[in-house]
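Here you get one chain, nothing else, as structure tokens; it is the form predicted alone.
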């Protein structure tokens, strides 16, 4: 499978490593936002741009009949993006897998599995402590911000605090910048603290993690409790998940299954290298 990368930040670099480690893939090229997309020759393009640029690039590529995978992470806008991309993919016989990271992404699959195991109940997803890449990019985009780091602090029961450390551009007014960050949709729904610092680099850390807990009912039996934990390097896991989803996109396309999909709509076996027989024997 020929896999190209569009965007070469933290996730793009991690995706490059994952492609090179995959036994069934080759790197078809690395492209930047201002490169000509018409020259891309690949089965799948990993759209590793900032989230707010994903729709533009994924739509352009899908219109050319190229499969795409992205890590779009604004939960409340995923259905709208899926609907928009699905129409383009269906018309051009291609596949787009969106929100292919760890949350949304693999955590979404875990939540779906736990709900199947205990249909009634509550699920709490607790992120961090760690660096949120999407929130960090959003903070960096605010006028007057030279550099930024957004840390997610779990408070329990799915509630989080955002600690946003910023370096200001010369002449920028802190109160104006703070107000813009607090009003941004990435931060407006959580307790957020904006803290000016002399250097973000001395604070920077790409570690992250999740504690996902569901308590519920299986049939009529109460007190079913499930817990999933992981501690990760954020961009490395996101890049790896995108590369695994590229494999699924090619398999779907080759079987004539076109459209835009989220990860909970995928067959887990399609994410894996190797044959169906090999994986069933090894995993079932």
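Numbering follows the first chain given and starts at 1. Bear in mind the structure is a predicted one, so any value in this text is a computation, not a measurement.
This protein has a second form, the form predicted in complex with another copy of the chain, left out of what is shown; the following refers to that one.
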- Message: I need the one stretch from 63-71, 48-56, 32-40, 229-237 whose residues put non-hydrogen atoms within 4.5 angstroms of another copy of the chain in the model of the complex.
- Response: 229-237
- Query: Looking at 195, 188, 112, 91, which is the one with a non-hydrogen atom within 4.5 Å of another copy of the chain in the model of the complex?
  - Reply: 112
- Query: residue 156 near another copy of the chain in the model of the complex, any heavy atom under 4.5 Å?
  - Reply: no
- Message: With the partner left out here, check for me: in the model of the complex, does some heavy atom of residue 25 sit within 4.5 Å of another copy of the chain?
- Response: no
- Query: Counting only non-hydrogen atoms and a 4.5 angstroms cut-off, does residue 271 reach another copy of the chain in the model of the complex?
  - Reply: yes
- Message: Given that another copy of the chain is not shown alongside this chain, does residue 103 nevertheless sit within 4.5 Å of it in the model of the complex, heavy atom to heavy atom?
- Response: yes
- Task: Would you give me the residues of 171-186 that have any heavy atom within 4.5 Å of another copy of the chain in the model of the complex, in order from first to last?
- Result: none
